[in-house]
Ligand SMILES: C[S@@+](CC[C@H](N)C(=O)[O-])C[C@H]1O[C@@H](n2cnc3c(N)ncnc32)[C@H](O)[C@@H]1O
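Shown next as structure tokens: one chain only, the form predicted alone.
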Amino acid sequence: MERLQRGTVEHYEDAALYDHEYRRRRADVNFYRTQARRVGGEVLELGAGTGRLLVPLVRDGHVVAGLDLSQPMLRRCTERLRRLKPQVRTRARLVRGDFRQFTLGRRFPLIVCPFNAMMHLYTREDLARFFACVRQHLTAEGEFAFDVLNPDLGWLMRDPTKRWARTRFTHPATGKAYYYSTNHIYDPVTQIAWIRLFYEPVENPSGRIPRTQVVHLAHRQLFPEELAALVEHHGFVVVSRHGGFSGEPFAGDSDSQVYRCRMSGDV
């Protein structure tokens, strides 16, 4: 349990660094903005984080409720909202909560769960509770849109004793230089990738090597046929499934699984 807790929260404790790391990720934001324009009405975002999607949605004129479990991420989102004009930021409502168990007392024509947030649903019970909450908050004709990674067997089976993707960067808040690298161990029974993110300070002029920070991240892998079956089992029909955010056909080598669903009424 402690391991899962660390893998669920640690990656989101440094919200400034999180925003810096994903600042160039725009394709998914554009996809969800398009869905919000098409569907119309209010939006519920599950896993709102720092507002990477929520802020553009409220700027577009949508009323958005953003739910997230991470207090640091919600603080960062609040800071971003404060930079907006008063009439714009009043369209946003932030709620701290667990998307496996929440009650907002209303329904939305569009619910979104972007950027792999569902990969923090580690068990069948987690998934069942999550889908039940989505059904409870979705209008009868509403849509539920989400994306998760498409499992990459080559990546999952990488040597866990090596580090990958070594990159030098400067922390956006402290100005300190670090080397970033990552590795992971994949458990095929639980289907969880136990990811380690290494932040190694660049050696200082005295020659002393400061301690490397290790951040843990746990991601449940959802394989394509498994995910399609889960969606149907929990009372949804698939409107579309694509392999990217520009409508690419889904294929075995697709990076993502991008879904639009509606409730079927069969639960």
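Numbering starts at 1 and follows the sequence shown. Remember, it's a predicted structure, so these values are computed and weren't measured experimentally.
Absent from the display: the form predicted together with this ligand. The rest refers to it.
**Message:** Only one of 133 to 141, 163 to 171, 178 to 186, 96 to 104 has heavy atoms within 4.5 Å of this ligand in the predicted complex; I'd like to know which.
**Reply:** Comparing against this ligand in the predicted complex, the contact stretch is 96 to 104.
**Check all three, Arg52, Leu69 and Phe115, heavy atom within 4.5 Å of this ligand in the predicted complex** = Yes.
**Asked** Would His120 count as a contact of this ligand in the predicted complex, using a 4.5 angstroms cut-off between non-hydrogen atoms?
**Response** Judged by the heavy-atom cut-off of 4.5 Å, His120 is in contact with this ligand in the predicted complex.
**Request:** Using a 4.5 Å heavy atom cut-off, state whether Ile111 contacts this ligand in the predicted complex.
**Result:** Answer no; every heavy atom of Ile111 is more than 4.5 Å from this ligand in the predicted complex.
**Prompt:** Contact between Thr8 and this ligand in the predicted complex at 4.5 Å, heavy atoms?
**Reply:** Contact check for Thr8: yes, within 4.5 Å of this ligand in the predicted complex.
**Asked** Is there a non-hydrogen atom of Tyr259 within 4.5 angstroms of a non-hydrogen atom of this ligand in the predicted complex?
**Response** Flag for Tyr259 set to no.
**Asked** Going by heavy atoms, what in 26 to 46 lies within 4.5 angstroms of this ligand in the predicted complex?
**Response** The stretch touches the partner through Glu45 alone.
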